[in-house]
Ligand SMILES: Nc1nc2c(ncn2[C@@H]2O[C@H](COP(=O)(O)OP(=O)(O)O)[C@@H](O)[C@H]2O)c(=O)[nH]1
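Take a look at this one chain, the form predicted alone, written out in structure tokens.
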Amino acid sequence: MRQAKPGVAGVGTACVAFVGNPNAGKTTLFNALTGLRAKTANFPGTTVERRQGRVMLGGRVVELLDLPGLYSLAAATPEEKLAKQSLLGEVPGQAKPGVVVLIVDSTNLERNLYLASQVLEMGLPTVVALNMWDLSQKRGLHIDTKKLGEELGCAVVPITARTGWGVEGLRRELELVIDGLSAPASSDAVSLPTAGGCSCSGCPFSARYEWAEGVGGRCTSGQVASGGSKTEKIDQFLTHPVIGVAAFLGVMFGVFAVIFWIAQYPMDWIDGLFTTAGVLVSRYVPEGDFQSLLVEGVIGGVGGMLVFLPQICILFFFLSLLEDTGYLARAAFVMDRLMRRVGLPGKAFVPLLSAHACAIPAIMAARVIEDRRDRLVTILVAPLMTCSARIPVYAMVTALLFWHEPMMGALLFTCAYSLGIAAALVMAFVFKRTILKGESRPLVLELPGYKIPSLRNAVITMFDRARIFVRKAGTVILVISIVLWALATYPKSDAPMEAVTISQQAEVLAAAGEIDAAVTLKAQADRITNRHALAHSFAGRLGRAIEPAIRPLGFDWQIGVGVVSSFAAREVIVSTLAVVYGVGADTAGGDPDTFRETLASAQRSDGTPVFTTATCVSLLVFYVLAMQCLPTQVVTRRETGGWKWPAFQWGYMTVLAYTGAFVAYQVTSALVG
């Protein structure tokens, strides 16, 4: 096989493709060259991710393309197929790469050379980046880079991408190739196996492995030092069927404890920032619809989305560190046995566990799952895990049922969390045997060596994911938040006579100098007016329209308004119920006694209480199982490449929630009365 000379077809596009095995350090090298100048997007019409960035090489702007990590170009998976199409220039809207950077793990040279044989056969000018050079030296390995370059017919540059050692040398070599100033050491030096010339009964796989073993043997010498035995000793514990699972649970518990501990501060800052912004807008923008749009629609919608950003950033920071150390591969290995019983791979455990903080980063974290069906199932069931947004709803129901009974309240919370986990596992089992039928792909991975993680790479990954969330999710969420605001605001209705009378009394008291009493009456009048306005808005009318459908769940039209309004975010139902029952949205958070007493005393038109034990249990089950989270839907759309799966996700969870709430209400009514 002969490599094409630099400067011919493809080089004019100034596009350099990064190719390598998983865990070879491909993305770390890409980040070292591009930093925050890169962007992440999906291949057109797919959910397979690619990263692109621009750097200056040889006095020109060069596009760098980070292809998915893969072991082969056999096109057996979507990642392999798209990587091969990219190298051949068959991806619409993407130039054919003129140069390939082949990242090779120097501690596993022979294994990496299998992919190298396929890439070199394509004839593109190639530079081999021999990564993890420091680890290979510590392990007593000696690789003759000059001889390896002669064997492969291209430049070989030793680097340590994690620290940046050797990266400048790689840049210089790329500049020479791009400028067409270098040529292969020997065009006839490469003798790669092909299907037609295979000497092992027509098996190209065996031929490639034999070639890789031969090249590795001729270019490598030395004995592996104690690093390998140390890794094996550590793995005896971390991959143990019992100890390994316990260790993983301990690690993840620690990670999420730190996430909750750290994230609460920036989340409070963000919440305070948007609250302050709302106060300032209310102060300087005249009262009316425009002020309401800005404060409740724009600021409220954007703030409600960005408040989860710290959790997303911190989660992906830690996931990047765990992946860099090599531990995440061990975690997937030990959990695979348990997860496969419900049709999910071991790698689904981390996203599902992280969903207890927020489903949004969980769905984004599902990218670590290679198989598309397994990834889709994980995305579909992740929102069933109890996230932090459900906690205000649980707290409200607990207060109604078990006020001043902490043990019963704790038991109710435990049951709610357990129901979410059980529902997720059952639905995953159902999906893998119906719409996404098929056994989970067997977990085939090479456990990488333990390494010191790259803080720089973790920070870049964190900012990259944050940017994706804000850019892709924020715009859609803002639009729909404005729509929901409009539904709750229009059509306008005059203040009821009761509110007008109370306002007049407040004015009389204010004129008489009784300011405190006047303020109290004015607040009461505002609550009555807001309740009346919401009841006659499109959202209120929708609540009345769906009342016949939700009555079997024990819900009245006022709870229906809360259900409709909480499509944007689950926790919104608490403030909505405070408005529709005349408490006031602020009271729900500021005076829980008043809020609880008002809901507990609420009555239906026939005089019976609204929030009976059966209704409370039904409401709890509904919010355990219902979708009710617009930001999650937006992120699901991005991760699946369209609205088909988000629509299905919302539909099946709504049916599940309705059915569960119906059963809960009927059974509880029969038992309790």
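From a predicted model like this one, the values you see are computed outputs, not experimental measurements. From 1 onward, residues are counted along the sequence shown.
The discussion below concerns the form predicted in complex with the named molecule, not included here.
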4.5 Å heavy atom contact, Q649 and the named molecule in the predicted bound form
no
- Message: Considering non-hydrogen atoms and a 4.5 Å limit, does the named molecule approach S454 in the predicted bound form?
- Response: yes
Task: Contact of N131 with the named molecule in the predicted bound form (heavy atom, 4.5 Å) - done: yes
If we define contact as a non-hydrogen atom of the residue within 4.5 angstroms of the partner, is A664 a contact of the named molecule in the predicted bound form? no
Residue within 4.5 Å of the named molecule in the predicted bound form by heavy atom, from M335, A161, V393, V350, is A161
Only one of 454-462, 231-239, 416-424, 546-554 sits within 4.5 Å of the named molecule in the predicted bound form by heavy atom distance, namely 454-462
Within 81-117, the residues having any heavy atom within 4.5 Å of the named molecule in the predicted bound form are none
